[in-house]
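Read the single chain below, which is given as structure tokens and is the form predicted alone.
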Amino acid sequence: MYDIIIVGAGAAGLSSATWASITKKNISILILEKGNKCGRKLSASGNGKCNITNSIFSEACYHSFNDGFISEFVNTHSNSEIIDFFNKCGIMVYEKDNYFYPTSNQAKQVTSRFLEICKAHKVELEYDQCVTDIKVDNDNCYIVKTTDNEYRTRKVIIASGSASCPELGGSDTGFELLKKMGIRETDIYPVLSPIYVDDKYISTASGVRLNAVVSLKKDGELIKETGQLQINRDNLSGIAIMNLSCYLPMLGKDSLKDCIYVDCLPEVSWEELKKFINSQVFAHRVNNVLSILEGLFTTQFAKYILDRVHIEYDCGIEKLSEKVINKITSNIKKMTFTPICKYDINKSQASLGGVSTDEIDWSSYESLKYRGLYIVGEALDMTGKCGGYNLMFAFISGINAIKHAIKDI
């Protein structure tokens, strides 16, 4: 019999086992991983550099169907916990523009170090073991069944992740397992993903990248994100868009029309932009409207702007009335899009929703239905924006759960 079985060898599961290995000896831990590799999402995180946390830490960095849980998490924890943990693991970190990375800039080395520590402390790890059932026996211990094995343990930590990033091992098997145990979950949506839009001209700008301010209108307020915007054949992408994608499931269909605004030239004001366009018209340095916009953007994007406002590329500058110039200026400074509610799990980096946080003790992540069973990481209804927030939650929840689990072992 094991002291603890951890279901899932991702960021939350590996950090749990690593923390226990560092802080407590003579404890038997088994990690059951459904795939043939562990830490695949962790090893790919931060574009392979492993963005582990962020110096900006507030309630606005997270999404959950339970705002109280977000407040509790943010007010109880800090990024220093992650930095201290990495120091204990012998991993030095550095900060750049509020983002924290290991100095190796190699996410795979973080996974390798966790595995090295676990192996040194005799943590067992079995691959290709998909957990299909968990039951409590007469001695209040857990029987954990996989497709071809059965294990007995005092405590269980569920770190099974979500279905996002299926190419990196994401699946909903953990949710199916917990649902079988009567543990309630919220609706689940793929997020941190591109936003598909209703725009018949968008393919004209496919491949264009801009530094932009992107806003989403929700409940009468504008939620703003700044960063690189990438335009694709049928969707918008980039960090700013991915962060805003977390809000879409919370919008009603009636709220979607023209709810996304893009300032394609945030470094200049509306008045400054109009003045520039006028200066080109009156100076006669160009022959047509396309030439004016080519002084601001690539030819491809300039054509896209004109397509949207229904102006011919070769429209002579003498035909540019003040009304037309206002129209062009407004389209650049406040380009509107209507999202299509198309959820693509294959392009999502995370899921919004999961096991309801009402199912756990917020201080320990222990199930309220099953004593000695803990639920952590992506399996819970807690999603961070881009910038290390999801890894931060995975690490903190995983470590916090095993801290409580080993108290009486």
Ligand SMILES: Cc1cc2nc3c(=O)[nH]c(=O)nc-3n(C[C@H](O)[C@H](O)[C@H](O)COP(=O)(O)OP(=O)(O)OC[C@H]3O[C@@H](n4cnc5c(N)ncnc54)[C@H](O)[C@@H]3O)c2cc1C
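Not measured: the values here are computed from a predicted model. We number the residues from 1 along the sequence you see.
Unshown form predicted in complex with the ligand; subsequent notes refer to it.
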Contact between T357 and the ligand in the predicted complex at 4.5 Å, heavy atoms? no
Contact between P339 and the ligand in the predicted complex at 4.5 Å, heavy atoms? no
4.5 Å heavy atom contact, A44 to the ligand in the predicted complex: yes
Contact flag, V7 vs the ligand in the predicted complex, heavy atom cut 4.5 Å: yes
Among 63-71, 22-30, 359-367, 46-54, which stretch has residues with heavy atoms no more than 4.5 Å from the ligand in the predicted complex? 46-54
Tell me, out of N232, N79, T153, S171, which residue has a non-hydrogen atom within 4.5 angstroms of the ligand in the predicted complex. S171
Which of the residues spanning 122-138 lie within 4.5 Å of the ligand in the predicted complex, based on heavy atoms? Q129, C130, V131
